[in-house]
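The data below hold one chain only, encoded as structure tokens and taken in the form predicted alone.
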């Protein structure tokens, strides 16, 4: 891994663990094993590095979701696979967690890849749900766009419940509950 990518990966990890304020240039450099000159050679500053780290996290999030939603199997099997996939529940969602960071929420350039990722996920889930409706596997009485929003909300809310309980059990309970509604 080159120095630039090492800095980005360190920033991704620190954003997930500590948020934007806790992602200090010194902490990034220490984690990446890079000097100050290297950081400022590749990036204009902390915000520039954070923007690249968030974009790469968003891209990785999409790739991971698409692995499940684009897999072989029926639409319902693909949705179940995505919803039930292994996650670091107590660590929270690497993308969703950033929405609660006031510094990121206030910066349109940092917030944009997060918003675009959730919009993409909603469209992707809606499409798979619509496939299931066309095949008769999922009720045509459901609004695919609204159900997709509910699935995303259950995942994100599940992270909050798990964090509050210091246990992944509420997360898994919420996922199983919403899937039972799909049939």
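Numbering follows the first chain given and starts at 1. Small disclaimer: the values here were computed from a predicted structure and weren't measured.
Not on display, but discussed next: the form predicted in complex with a further copy of the same chain.
Peer 1: Using the partner position in the predicted bound form, report whether residue 111 sits within 4.5 Å of a further copy of the same chain, counting heavy atoms only.
Peer 2: Answer yes; at least one heavy atom of residue 111 falls within 4.5 Å of a further copy of the same chain in the predicted bound form.
Peer 1: Given that the partner is absent here, does residue 77 sit within 4.5 Å of a further copy of the same chain in the predicted bound form, heavy atoms only?
Peer 2: The answer is no: residue 77 has no heavy atom within 4.5 Å of a further copy of the same chain.
Peer 1: In the predicted bound form, does residue 32 come within 4.5 Å of a further copy of the same chain, counting heavy atoms only?
Peer 2: The answer is no: residue 32 has no heavy atom within 4.5 Å of a further copy of the same chain.
Peer 1: I'd like to know whether residue 180 contacts a further copy of the same chain in the predicted bound form, with contact meaning heavy atoms within 4.5 angstroms.
Peer 2: So residue 180 counts as contacting a further copy of the same chain.
Peer 1: Within 4.5 angstroms, counting heavy atoms, which one of the listed stretches 36 to 44, 66 to 74, 116 to 124, 53 to 61 is next to a further copy of the same chain in the predicted bound form?
Peer 2: In short, 116 to 124.
Peer 1: Would you say all of 83, 87 and 137 touch a further copy of the same chain in the predicted bound form, counting a heavy atom within 4.5 Å as a touch?
Peer 2: The answer is no; none of 83, 87 and 137 reaches a further copy of the same chain.
Peer 1: Could you list which residues of 143 to 160 come within 4.5 Å of a further copy of the same chain in the predicted bound form, counting heavy atoms only?
Peer 2: Heavy-atom contacts within 4.5 Å come from 145, 146, 147, 149, 150, 152, 153, 154, 156, 157, 158, 159, 160.
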